[in-house]
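Before any questions on how it binds or moves, here is one chain, the form predicted alone, in structure tokens.
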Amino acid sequence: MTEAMTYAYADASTLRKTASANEEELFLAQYNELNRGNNQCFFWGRLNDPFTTARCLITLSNTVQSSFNLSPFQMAMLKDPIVTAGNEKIRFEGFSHCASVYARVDVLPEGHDGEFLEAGTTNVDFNQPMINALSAMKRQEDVVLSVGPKEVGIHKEGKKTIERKVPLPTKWIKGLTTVQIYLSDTNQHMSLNKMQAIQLFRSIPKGKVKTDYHLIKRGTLYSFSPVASRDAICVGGVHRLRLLEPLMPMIDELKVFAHEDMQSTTWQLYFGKVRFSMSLSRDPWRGFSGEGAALEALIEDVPDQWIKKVDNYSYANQSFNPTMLAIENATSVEQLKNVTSRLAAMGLLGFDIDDNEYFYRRLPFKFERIMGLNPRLKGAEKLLAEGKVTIVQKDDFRVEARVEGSGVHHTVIIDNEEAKCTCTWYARHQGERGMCKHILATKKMLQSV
């Protein structure tokens, strides 16, 4: 399978100079593989803090252009931030080239003064002229943001730049199926003011860090240490945090969140009207796209009509509220747990840590394409189709299965909530990177028994 899906915009992102010398209008072009909705604009309005928003978007772009484990050839591929407009918020999301860093800029309701004509998701291209324009924004400028398809090009001071078609890596979509699952299992551990945050970032070791570091607190001071201690937060590849350094002098507060098993950390910066989030996978070489945390949710059978109902519901409300959906469709909240897990595992739900809720994003790709991006899941389905899974023993607490492999038989044991396999994948990762295809196949077979 190719690692990139190539597409072309019908139009391009545009920055226009209006008749007023101090006013510019920023239009973000849309790409969508789905033939749904012809509204020419999702959002139109003025940014209330364009300077901070611009600096956050530049940091997001720097993240997108960064890589911590890829070759120069892979680095040459272009990437595009994802924009979701709705529920009074505008979200810009992106991954590093290696998908080990996830970044998001949230323009909060106080950060804009405009109108949401329709809720929707789009992909945009931040090329160099756009970055130059964002870099030139001043604190007192009037900037109007519009999310929707517009003229092909960037317009500023009489100059026009045409955007070309760009590839969208499949690992971005795979990353979106995992990162929000980690975020939903994340808890806040520390809160730092501006001075504490600046002092902390001065303690980031120089160069590329190959070992784990630990965020510790001593009195009112925070620092990174190579030595683990009680209540410390484990941070792999701590050098990736240098992407946030340009924003530190501007923040009001920094909150640090950690996954319950320390498989990821999230660093959330607050600017009043704008919020910047950065999530790091445990190690630079294991990006969110390959974690496999979403695989178990994808084996749950959810009727297509439920996906369509959720799609219709979330079209009007980007905030995903299972309770409200259950009430409107006269069903139980319990029944919707599988739907929520499935949608999150498909990348259609993001997660807002502060609001402690999922938000819906309509990815511009068909469900079949999203579902086809998981080789372990496809391997499990192939094992079932070829009749290579046999349930040897099953009772209320324990299941034993035999799975035929290439010249060898693997044994799968599911004891209550714990699943083990005799294959080399499980021996290497011990379940930390999701289930192997043998466990997935066994669990999927149990659904039909």
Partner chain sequence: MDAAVQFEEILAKEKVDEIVDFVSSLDNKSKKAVGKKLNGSRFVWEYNTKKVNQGGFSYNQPTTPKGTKAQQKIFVIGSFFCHGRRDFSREWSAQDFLTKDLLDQLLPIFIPAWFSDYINDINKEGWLNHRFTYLELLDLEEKGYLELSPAMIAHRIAWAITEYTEDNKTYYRPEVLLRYKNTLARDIWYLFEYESNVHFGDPYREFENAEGNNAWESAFKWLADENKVSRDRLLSEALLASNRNFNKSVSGWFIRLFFLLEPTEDDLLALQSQLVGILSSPHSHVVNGSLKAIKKIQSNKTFDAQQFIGSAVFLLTSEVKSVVKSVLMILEKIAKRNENLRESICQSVVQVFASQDGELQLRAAKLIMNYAPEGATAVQEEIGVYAGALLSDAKAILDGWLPEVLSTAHDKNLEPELDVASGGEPATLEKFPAVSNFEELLFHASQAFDNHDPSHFDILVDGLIRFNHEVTGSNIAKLEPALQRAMKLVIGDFHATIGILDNMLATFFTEYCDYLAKTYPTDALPLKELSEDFRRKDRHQAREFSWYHQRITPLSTWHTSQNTPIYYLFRKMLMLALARLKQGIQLPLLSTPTHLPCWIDPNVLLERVAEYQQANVEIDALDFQMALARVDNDLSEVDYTKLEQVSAEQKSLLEYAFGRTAEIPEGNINLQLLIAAAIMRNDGALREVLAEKGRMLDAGKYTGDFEWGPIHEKFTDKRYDYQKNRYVPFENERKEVRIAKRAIPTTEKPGGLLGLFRRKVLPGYKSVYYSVYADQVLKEQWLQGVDNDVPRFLSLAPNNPGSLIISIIERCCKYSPFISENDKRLVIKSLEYLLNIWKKYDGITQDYLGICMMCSDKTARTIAGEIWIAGCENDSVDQIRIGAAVAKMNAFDFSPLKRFTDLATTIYSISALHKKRMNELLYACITNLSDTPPRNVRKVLELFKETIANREELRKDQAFIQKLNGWALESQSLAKLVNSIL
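Positions refer to the first chain, counted from 1. Throughout, rigid core stands for the largest set of C-alpha atoms superposing within 1.5 Å between the two forms. Not measured: the values here are computed from a predicted model.
Below, we turn to the form predicted together with its partner chain, even though it does not appear here.
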**Study point:** Contact of residue 384 with its partner chain in the model of the complex (heavy atom, 4.5 Å)
**Key:** no
Review point. Within a 4.5 Å heavy atom cut-off, is residue 213 in contact with its partner chain in the model of the complex?
Key: yes
**Study point:** Contact flag, residue 424 vs its partner chain in the model of the complex, heavy atom cut 4.5 Å
**Key:** yes
Practice item. Indicate whether residue 207 is a 4.5 Å heavy atom neighbour of its partner chain in the model of the complex. Key: no
Exercise for review: Please determine, with the chain shown alone, which of 108-116, 229-237, 274-282, 183-191 has non-hydrogen atoms within 4.5 Å of its partner chain in the model of the complex.
Suggested key: 229-237
Study note, to complete from the structure: Of the residues spanning 383-399, the ones with some heavy atom within 4.5 Å of its partner chain in the model of the complex are 398
Check your understanding: Superposing on the rigid core, does the Cα of residue 409 end up 2 Å or more away between this form and the one not shown?
Key -> yes
